[in-house]
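Presented as C-alpha cells, the chain that follows is alone, the form predicted alone.
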C-alpha cells in the first residue's frame, strides 16, 4: 500500500515551514520533507525578518501564520532600531542614516539566526500538522517526482518508500531540485543571483548594546559600500544579534564572474575595515605554550586545566554581560549576588594569568562561516510559479527584494507560503489540482502580492525617503552621470513623472544604470574621500584562513559526492576554483577537480554541475545559520 497525503511541502526552511503551518491552520493534511536531520541546520540568512504593512495590498506576515506565539516567544535576536549606510575609502567613512527607509511600511524588523528561528517554526508547525494527520519528516532527500494518469504525484526519496500526494509546495531553495527534475524552470544564471558570504562573530550582550548605542533587545544594522567591495557590485553588512554579530558580504554573482574573487577575501576586506574591526573587537584569552620540559602527564594535565579555565572564563563572562543570565545564576542559587559572579570571573582570570601565563589580547572571535546564493527577484522571479500540481515559493521561485539598501527575502518567502497554502487548500476543497485551477489561482495570488510589485516597479515613496537621506550630499560629488538625476528627483513633481516613466521602461532597462560599479564602488569612495571622517582601528584582527574556518564547521560526512562536474575544462568551472567559498575545486593540469567533503551547499557551482542536496542527514550542519 502506498501512503497518501493531500500536500507535500519539500524543504524545511522558513518558507516551507510557513506553508505547513498555514495548511494546518486551514485544517488540511500535509507533510514536510527536509533533508537535514535538525530543522534549520541547512539554512543560512543575513538576516533580517520583516513584518510589513504595505499601503497597497496585503502582506502575509510571520505573526499572521504563527499567531501571538511568535510575538510572545520572539525566537529572534534584536529588533533593528538603527539602519545605517557607510561609504568607505581606506580609513575614511561617510555615513547616512537610513532608519526611515528600514521602517518604511514595516511593523518590525528583527535580526535572526536560522538554526534557532527555524527550530522554533518547526516545533509549532509540526505540532499543528500532526493534529491534521500530517507532520514533519526530517533526514529525507527527494530524488524523483512522477505522475499517475489521474494527475497525482508519486514522490521517491533516498530513504523512504514512495508515497502519493495531490499537490506539492516546493520550498527547496534557489537551487531547487524540484524545479530541475520536473523541468519547471531552467537553472538560474549568474545574472539572476547574488552570492552572500557570512561569518558569525562572538560578542557579549551588554558590550553589543554599549558599542552600537542600543538598548536591551534593540539592535543596529550597518551596510557598507565603496572600497570594501573590491570593485564588485554589492556591499557588506554588520547586524547585531543578541550576543553575536552577523558580518557578511553580498555581491552580484555576475560581477564576481567578471572579476573572480574568493568569497573569504570579500568578507575579510570588510573585517579589516577600521570601523568594522572596532565593532567586532573583544577581549580574547590566548594560551601560552606548555613547558615541554615537564613530564608528558604534567603537560597534558596543564593543557586540560587551561582549556577548562578558558571555557569557564568565556561562559562566565558572557553570563556576566547578560542581565537575564546573571539573574538566572542568582535565582538558581549558583551565586549569591551579581558581585559574586564578578568576583568569580576575576578569580578565574587571575588563575589563567598567574598560574598558566595566559595572555588576554584585543582581537575577535569567529564562530561560524557560511555562504549561499540569493535570487534577485527583479531578474529571475518565475512568471508562472507553478508546474502541473507543484507550487513554487520563496527562493525556489526566484523571489527576493533587492533594491539598493533594501534587502528582503524571509518575509517574501513566508508571504508566498501563505498564498500557496491557500491555493492548495482551495484545490483540496474542490478536488481540482490542475495547473489551470490551482496553479493559475496561485499565480494570481502571487501577482497580487505587494512584494511582486516591488520586484517590478520603483516605489516613489521609498525613493523619496532614500533621497531625503542624501540631502546633505553635494550633488557635484555624485558626478555628472548621476548628479542631474538627483537634482531632478529632489522635486516631488518631477520625481513622480520620472518614476512613472522609469516604471514604463521597466527594470530591465534601468538596471545597467542603477546597479553599476559607479553606484556601488566609485561614488561611495568619492563620498568617503571628500566628506568622510577618519576612523582608526586599535588592533589588527587575526583573520582565520579558509581551512581554519572549515575546520570549525560541523559535518555529517558522506563518502558519496552530491555534485558531479560535467565540463571539467569549461571557463565557468575554472572560475569555481576561485569562487567556491570553501575551496572545494582545484585545477589539475587542464581539468577542474572536486573534493566535496568541505562543501557548505551554497550552490555556487550548480550552473554547470549535476548538483544535488546531500542525502538525508548528510553534509553541512550549521549551528547558527
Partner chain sequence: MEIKGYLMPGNTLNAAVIVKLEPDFSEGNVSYNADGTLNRAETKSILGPHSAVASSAAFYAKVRYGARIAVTTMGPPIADVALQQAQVLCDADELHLYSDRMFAGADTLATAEVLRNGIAKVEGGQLDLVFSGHRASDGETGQTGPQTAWKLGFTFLGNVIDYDIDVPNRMVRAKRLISLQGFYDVIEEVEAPLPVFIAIDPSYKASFNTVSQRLAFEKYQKEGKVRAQDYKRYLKVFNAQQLGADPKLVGLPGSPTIVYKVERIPKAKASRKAEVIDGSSREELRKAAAKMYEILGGMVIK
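Numbering follows the first chain given and starts at 1. Nothing here was measured: the structure is a model prediction, and the numbers come from that model.
Just so you know, the form predicted together with the partner chain exists too; it's not on screen, but the next bit is about it.
Enquirer: The partner chain isn't shown here, but in the predicted complex which of 101, 136, 521, 348 has a heavy atom within 4.5 Å of it?
Expert: The residue from 101, 136, 521, 348 that makes the contact is 136.
Enquirer: Considering 555, 360, 163, 320, which brings a non-hydrogen atom within 4.5 Å of the partner chain in the predicted complex?
Expert: Residue within 4.5 Å of the partner: 163.
Enquirer: Can you say which of 328-336, 152-160, 215-223, 232-240 gets within 4.5 Å of the partner chain in the predicted complex, counting heavy atoms only?
Expert: Looking at the other structure, the answer is 152-160.
Enquirer: With a cut-off of 4.5 Å between heavy atoms, is residue 5 one of the residues that contacts the partner chain in the predicted complex?
Expert: Residue 5 belongs to the contact set for the partner chain.
Enquirer: Using a 4.5 Å heavy atom cut-off, state whether residue 132 contacts the partner chain in the predicted complex.
Expert: Result yes; residue 132 sits at the interface with the partner chain in the predicted complex.
Enquirer: Please tell me whether any heavy atom belonging to residue 29 falls inside 4.5 Å of a heavy atom of the partner chain, as the geometry stands in the predicted complex.
Expert: Contact with the partner chain, yes.
Enquirer: If we define contact as a non-hydrogen atom of the residue within 4.5 angstroms of the partner, is residue 571 a contact of the partner chain in the predicted complex?
Expert: It does not: once the partner chain is placed as it appears in the predicted complex, residue 571 has no heavy atom within 4.5 Å of it.
Enquirer: Taking a heavy atom within 4.5 Å as contact, would all three of 276, 282 and 470 count as contacting the partner chain in the predicted complex?
Expert: No.
Enquirer: Can you list, in sequence order, the residues from 589-625 that come within 4.5 Å of the partner chain in the predicted complex, counting heavy atoms only?
Expert: Just 595.
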